[in-house]
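Heads up, the chain below is alone and in the form predicted alone; it's given as structure tokens.
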Amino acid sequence: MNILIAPDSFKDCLSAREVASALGRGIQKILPDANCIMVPMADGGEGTVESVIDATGGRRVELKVMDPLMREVPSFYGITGDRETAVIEMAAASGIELLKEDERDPWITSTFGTGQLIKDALDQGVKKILLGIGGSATNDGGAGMARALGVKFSGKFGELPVQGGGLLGEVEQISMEGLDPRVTDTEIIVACDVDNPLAGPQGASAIYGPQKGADREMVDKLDRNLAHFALLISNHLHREVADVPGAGAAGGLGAGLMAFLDASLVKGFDMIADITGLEEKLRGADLVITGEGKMDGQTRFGKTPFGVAQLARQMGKPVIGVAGTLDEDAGVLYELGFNLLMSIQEKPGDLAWSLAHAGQLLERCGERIARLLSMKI
């Protein structure tokens, strides 16, 4: 029996590779002859770098960059085995998880560190950059990222060291003369699974600003600043990015990447599925197992398990979804390609205990799946 195991990571707990390995160990305890094919997955957010490294035999690059508040922190990105492509998670430099809750302030948080990761990747001589932009702490329209790569912004009194969304309203001129020339020779693909425009009721500030620390007054100001920034981009760079679906992703970084680096926005799952060769591997599978830390009704909106299940369904493959937590509305997934949903929980317990023992729980879940498969009715 060929069993394809293609999960996402369990957030704050285990990587996708660790999840797949634990399930595989459990299955082979009961079905030692089962051929478990591990395909660690991601959707452009946390775990994207590791997923691509695993799929291509690549390596991890570690360096120090500026965090959202311009403090030096350790960070990382990946390079594929052929050394042609870098894969970056913007959250590794500009992510909300890098800040304490009382430090969140999109008026001043910057994507400068993300630009530093891109620059270092260019120093490695890559020809393509894959960039996941989930989990940001910022609302600067990508201005910080652009500054790190040589773009200059100026206002009434000269050059502006734009840090955060607060200064965007003061920008009057954009100069691309200092942009790192290697950018033009590099294909930049952005994994983006939201379709928000840059500004307005569904824009970056209104939808994501509050979770990044903005109150209602700040949200309104940030929104006006991004609208102003989009107009400048149109006038100075002749690029219309404000209403492109995904422009508002990561506090407008989606728009900035398109405007300053000529990047293309794609669905994160599609990007990773292509790199890992998921579709081809699915063809030879008798059973597909996928999952993530929490599965619920929202899983159907671009999350990894849903993408795996949809591909498997097209090929007539049965799919089991495994999760740390199954919410009450997860049942909707039975209509969308999943044949069975399983939680790894075995008894009531606190979250900290479950996180600490997730590997064991996943392994035992794999055993239960194998016992189910071995039943003769």
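Between two forms, the rigid core is defined as the largest C-alpha subset superposing within 1.5 Å. Quick note: we count residues from 1 along the sequence shown, nothing fancier. This structure is a prediction, so every number in the text was calculated from the model and none was measured.
The form predicted in complex with a further copy of the same chain is left out here; the points below concern that form.
Taken together, 348, 360 and 372 are fully in contact with a further copy of the same chain in the predicted complex: each brings a heavy atom within 4.5 Å. Heavy atoms of residue 340 reach within 4.5 Å of a further copy of the same chain in the predicted complex, making it an interface residue. Not displayed here, a further copy of the same chain is approached by residue 364 to within 4.5 Å at the level of heavy atoms in the predicted complex. Residue 47 falls outside the set of residues with a heavy atom inside 4.5 Å of a further copy of the same chain in the predicted complex. Looking at residue 21, you'd find every heavy atom of it more than 4.5 angstroms from a further copy of the same chain in the predicted complex. Listed stretches are 58-66, 37-45, 328-336, 305-313; the contact stretch with a further copy of the same chain in the predicted complex is 328-336, by a heavy atom cutoff of 4.5 Å. Residue in contact with a further copy of the same chain in the predicted complex (any heavy atom within 4.5 Å), chosen from 123, 286, 270, 103: 286.
If you take 229-260 and check each residue for a heavy atom within 4.5 Å of a further copy of the same chain in the predicted complex, you get nothing at all.
Core-superposed comparison between the shown form and the other one: the CA of residue 286 exceeds or equals a 2 Å shift.
With the core held fixed between the shown form and the other one, residue 343 has its Cα displaced by at least 2 Å.
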